[in-house]
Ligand SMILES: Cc1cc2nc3c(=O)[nH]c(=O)nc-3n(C[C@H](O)[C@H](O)[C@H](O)COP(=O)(O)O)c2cc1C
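Have a look below at one chain only, the form predicted on its own, in structure tokens format.
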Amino acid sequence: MPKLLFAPMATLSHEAMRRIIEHYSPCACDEYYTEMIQATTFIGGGKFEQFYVRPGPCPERVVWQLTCGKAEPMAQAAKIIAGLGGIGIDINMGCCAPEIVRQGAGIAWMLKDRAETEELLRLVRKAVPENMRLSVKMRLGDEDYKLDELLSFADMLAAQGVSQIVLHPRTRKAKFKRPPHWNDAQKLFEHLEKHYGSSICRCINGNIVDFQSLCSVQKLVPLAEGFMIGRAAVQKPWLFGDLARQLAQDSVGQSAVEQLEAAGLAGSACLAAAQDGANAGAEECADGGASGGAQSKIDSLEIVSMFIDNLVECQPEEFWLSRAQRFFSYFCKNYSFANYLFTQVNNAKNLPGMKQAFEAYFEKMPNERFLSRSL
């Protein structure tokens, strides 16, 4: 069964958000990527850096993502952060925000002289213990990228000890409304499988918002071994649990069908019986995800209260409003009058005021307080 990853997102991929996801999707997210940790600021002892490296609630499933335009600070930060545990260190080579690129970070690492990027990876790999993974999240490159250059870049990553690649198959300037280049993603993954086998895990990122879209991406990029999800999981923190359950059900059902076909018993009655068994067996297969007592309805006010409490505990007061506004900008999309609700929330002067905005909305729209999930 493919693994599920929570994407690194500025002001969102922090402990307060991970707690919400883990509460509604227990054990369903295999890897939690952190928001970008600026290496120079971190090793310089910045005032807020301690909050970027909080590992909860699942330290063993955290991936620390680093960003910087210079190799030496990245290696120094990686060595310190690796001591906090987790799966490993990820180098951000995909962020296209102008301020990040101007620093020589993010996707700029894909566009620099190859030797400079090789040196970065060599130093970071040397700084990180052998039992910790080095990964890279990247895009296809600039607007004029060529497939052979992308494959060559992947070869360089492999040579420098990268053992997981997460690809967002868009170019530097491509916005989310433009379709990803799924065909080139599959070609890259074919190259990785052919030359490196299981030594490099292939993960895909982009356009996954539910089980149907995940299946669509899976058909377009069948060699993907992991699926990274960001904005949709913020809007619906229970999404990972739902996906884990549905993937497990698919896996069990497919296995049962294959066994029947191998035995020459693939008649409709047998297949129906196999599917019934799969539906029941999926409860056990997805037991780390959304199974076993998962709520069919989600209380919106419970999520709002929980997230606010998490922020107060996990983030500095200076971050409370901005982090809450960022989260609610996605979460409000669950409702009919999303723009109106977010405007009320965004105009609140403090966290209690934000909660009151939700309460006032549900007084007018009581039928929208409880959200359905796929069980």
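Sequential numbering from 1, following the sequence displayed. All of these numbers come straight from a predicted model, not from anything done at the bench.
As for the form predicted in complex with the named molecule, it is not shown, yet the points below apply to it.
Asks: Between the options S300, N92, Q160, Q164, which residue brings a heavy atom to within 4.5 Å of the named molecule in the model of the complex?
Replies: By the 4.5 Å criterion, the partner-contacting residue is N92.
Asks: Only one of S135, Q249, N207, T117 comes within 4.5 Å of the named molecule in the model of the complex by heavy atoms, so just point that one out.
Replies: It is N207.
Asks: Taking 4.5 angstroms as the cut-off for heavy atoms, does K70 touch the named molecule in the model of the complex?
Replies: Answer no; every heavy atom of K70 is more than 4.5 Å from the named molecule in the model of the complex.
Asks: Contact between H168 and the named molecule in the model of the complex at 4.5 Å, heavy atoms?
Replies: Judged by the heavy-atom cut-off of 4.5 Å, H168 is in contact with the named molecule in the model of the complex.
Asks: Classify I229 as contacting or not contacting the named molecule in the model of the complex by the rule of any non-hydrogen atom within 4.5 angstroms, answering yes or no.
Replies: I229: yes, in contact with the named molecule in the model of the complex.
Asks: Can any non-hydrogen atom of A10 be found within 4.5 angstroms of the named molecule in the model of the complex?
Replies: So A10 counts as contacting the named molecule.
Asks: Please name which of the stretches 187-195, 147-155, 230-238, 217-225 has residues with heavy atoms lying within 4.5 Å of the named molecule in the model of the complex.
Replies: In short, 230-238.
Asks: Mind listing which residues of 41-78 have a heavy atom within 4.5 Å of the named molecule in the model of the complex?
Replies: The stretch touches the partner through Q65 alone.
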